[in-house]
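Below you'll find only one chain, the form predicted on its own, shown as structure tokens.
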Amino acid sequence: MTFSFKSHSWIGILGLLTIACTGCGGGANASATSAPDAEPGVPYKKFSNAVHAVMMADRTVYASKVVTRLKKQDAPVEPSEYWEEEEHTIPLPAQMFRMGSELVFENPEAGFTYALKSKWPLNEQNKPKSELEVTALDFLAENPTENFYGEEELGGQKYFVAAYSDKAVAEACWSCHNDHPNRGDDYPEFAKDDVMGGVIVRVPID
């Protein structure tokens, strides 16, 4: 089962993501020769693993190098859930991640969608929306070092679904959740590397 180059420009997507991550440092290995012919397709699992790796690298860097760093300093700007209403604030890591997923969702050329979901959502937007998402989150909670792969049909369209553990990688993550006013009495007390939810990547099957 493969992801078609003709209908989905995933290499272009990964290229743009890589450029965004590397900034102006590239170019030393650039070549003027023509690219080799593309293979007929990329397995859905391989594609999902690749885009997830880029997503999580960006998210981890933002959480650990920007948000946590600001929280430990007497900085004039601080991360806040209410950054749109408050002055001198920036979005939380989960909010940055969601805004990126919304842009991808609105891009008809992307060819895939992704979302952050949790068994313990503080925000209704992060609740699982399908039976497979519930199954995937249960699996990740019990198997934090493994990924979940499956298929589902939504609105007459079949999808390949990959789910990855979303772990507490920075103090800003678990401290925000542990102190949040929306948490219920049975809400977990998170610590470093605990599974807090899952990243769901969904690719339409041609």
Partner chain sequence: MSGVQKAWLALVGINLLIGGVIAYSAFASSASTKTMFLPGDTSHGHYQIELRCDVCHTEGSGLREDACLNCHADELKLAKDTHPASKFNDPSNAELLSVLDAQSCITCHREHLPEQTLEMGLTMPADYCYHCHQETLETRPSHANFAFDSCATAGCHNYHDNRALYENFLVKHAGEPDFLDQMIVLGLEVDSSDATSSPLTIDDADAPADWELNEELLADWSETAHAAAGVNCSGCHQTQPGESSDAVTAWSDMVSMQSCEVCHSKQVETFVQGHHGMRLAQDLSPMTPAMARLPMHVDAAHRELTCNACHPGHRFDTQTASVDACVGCHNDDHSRSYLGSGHHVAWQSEMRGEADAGSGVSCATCHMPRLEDSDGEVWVQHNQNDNLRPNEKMLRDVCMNCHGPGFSIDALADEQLIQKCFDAPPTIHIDSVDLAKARFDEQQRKREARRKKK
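Model, not experiment: these values are computed from the prediction. Residue numbers count along the first chain shown, from 1.
Absent from the display: the form predicted together with the partner chain. The rest refers to it.
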property	result
In the model of the complex, segment of 41 to 49, 136 to 144, 55 to 63, 175 to 183 with a heavy atom within 4.5 Å of the partner chain	175 to 183
Close approach of residue 124 to the partner chain in the model of the complex, 4.5 Å, heavy atom	yes
Contact label in the model of the complex: residue 109 to the partner chain, heavy atom within 4.5 Å	no
Contact flag, residue 148 vs the partner chain in the model of the complex, heavy atom cut 4.5 Å	no
The partner chain contact in the model of the complex: residue 113, any heavy atom under 4.5 Å	yes
Within 131 to 155, the residues that have a heavy atom no more than 4.5 Å from the partner chain in the model of the complex	133, 154, 155
